[in-house]
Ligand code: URA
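Just the one chain here, laid out as structure tokens, in the form predicted alone.
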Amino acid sequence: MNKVTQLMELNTKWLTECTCTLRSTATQGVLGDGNANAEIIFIGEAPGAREDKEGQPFVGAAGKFLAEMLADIKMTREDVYITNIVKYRPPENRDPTTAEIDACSEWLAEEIKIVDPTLVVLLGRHAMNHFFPDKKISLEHGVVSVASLFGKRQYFLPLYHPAAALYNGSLRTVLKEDFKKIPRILKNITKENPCARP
């Protein structure tokens, strides 16, 4: 079974089985989107109003900024896979709770397992803290972390969330500079670990 079919089956299953209480207030579940065979997964926090309406991650202002940064490194949304730690929009775009994140965690884990990326890019502190609870985004942004995930070495790159950078000019500059490191990081991972996909 190919990865596209696996992801479709996964989403069908979790749209029915997910116990996240945000289901009762959200318009719909916002599924991961992009290339099922991508080298890079971008993981954000939760859908916003536009994402909730359209059913796609990162389609609002933050998504437009993400697309611009991808273009800067000669990539498009079609080259990567984009998802969130929480699949339903929190009311008024508030931060997701630990319980809401936990309710969607197995769904996210299975997504990552299917795509099997070389690099997981964590957008914002909530995404980072899901995998690294004790780290601070202000100290870790732009720095690769390595952890065991599903029994193998997984490379993670925490970055500031594009939405935060939209409202803070200094963060915007930092995020754009950190983002430009991605091609070099991918190249270094492949050199360091020849089993990683080229």
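When you see a residue number, it is the position in the sequence shown, counting from 1. Keep in mind that what you see is a predicted model, and the values were worked out from it rather than measured.
Although it is not shown, the form predicted in complex with the named molecule is what the next lines describe.
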Of Gly29, Pro158, Gly34, Gly48, which residue is found within 4.5 angstroms of the named molecule in the model of the complex when only non-hydrogen atoms are counted?
Gly48
Quick one: does Phe58 come within 4.5 Å of the named molecule in the model of the complex, counting heavy atoms only?
yes
Counting only non-hydrogen atoms, the one stretch of 142-150, 38-46, 167-175, 129-137 within 4.5 angstroms of the named molecule in the model of the complex is 38-46
Though the partner is not shown here, which residues of 167-191 have a heavy atom within 4.5 Å of the named molecule in the model of the complex?
none
